[in-house]
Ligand SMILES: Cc1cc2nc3c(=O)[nH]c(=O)nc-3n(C[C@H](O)[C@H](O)[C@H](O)COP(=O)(O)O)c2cc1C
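Shown next as structure tokens: one chain only, the form predicted on its own.
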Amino acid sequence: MNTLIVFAHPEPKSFNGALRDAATEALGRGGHAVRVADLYAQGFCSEAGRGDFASAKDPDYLAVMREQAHAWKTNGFAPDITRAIEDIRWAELVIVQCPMWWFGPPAIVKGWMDRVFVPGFTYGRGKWFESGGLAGKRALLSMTADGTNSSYAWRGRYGDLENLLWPVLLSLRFVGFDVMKPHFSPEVSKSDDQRKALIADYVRRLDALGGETPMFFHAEGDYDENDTLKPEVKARTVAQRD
């Protein structure tokens, strides 16, 4: 399985870096090809703008998604976007490795999505969710924090982890990914023994990932013409309830 690790931490020797290295080794040992896209090392720009495009469909008014659709049709993206798109096209599994900052991923991850999940390639004209442009690929969000598992729970101080990360998980599903349950490494500053245990836990997860069932998202047919769940459909996600 071709695996792309999108690494989003400014320090390569961080614990996130250790998880990146452990994943690269474990996946390679399992016969998988691995690429690492180190966003900070690449100097990846997190802001969409005119510089994303070789030419403008409308030089007088910047409508980002319109310009993205035009660039997709004309092969007119900046080199960093073109490289990121090619990496995703190659990958069957995309792992986003990053810390939890302010109860979500770093801004550079959102910027990567803003600039790379472009119309035509990942969505548009009826292509979204289960029929999105990246359908058939898997995505895993692997995150670290100093908080405990219990603090990121329904009765915890910060709330349920999947609920906090819903905008990211939903975005991954919107473009077609089969989204795996997030991998969470807590209390990363507790001790060296804790870090070793967390790395071992992550490797075990990756070794078994092929047999996991992706997270549940309601399919197109569950909704009415107002994008509301039909009365007979029971809400089953962390963000939708009856």
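A residue's number is simply how far along the shown sequence it sits, counting from 1. All values derive from a computational prediction rather than experimental measurement.
Separately, the form predicted together with the named molecule exists; it is not shown, and the next lines address it.
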Have a look at 141 to 149, 73 to 81, 112 to 120, 88 to 96 and name the one stretch with heavy atoms inside 4.5 Å of the named molecule in the predicted bound form. 141 to 149
Which residue among Val188, Ala48, Ile199, Val179 has a heavy atom within 4.5 angstroms of the named molecule in the predicted bound form? Val188
Decide whether Asn16 counts as a contact residue for the named molecule in the predicted bound form under a heavy atom distance cut-off of 4.5 Å. yes
Taking heavy atoms only, is Phe103 within 4.5 angstroms of the named molecule in the predicted bound form? yes
Evaluate His9 for contact with the named molecule in the predicted bound form, applying a 4.5 angstroms cut-off between non-hydrogen atoms, and reply yes or no. yes
Using a 4.5 Å heavy atom cutoff, which residues in 29 to 66 contact the named molecule in the predicted bound form? It's fine if the answer is none. none
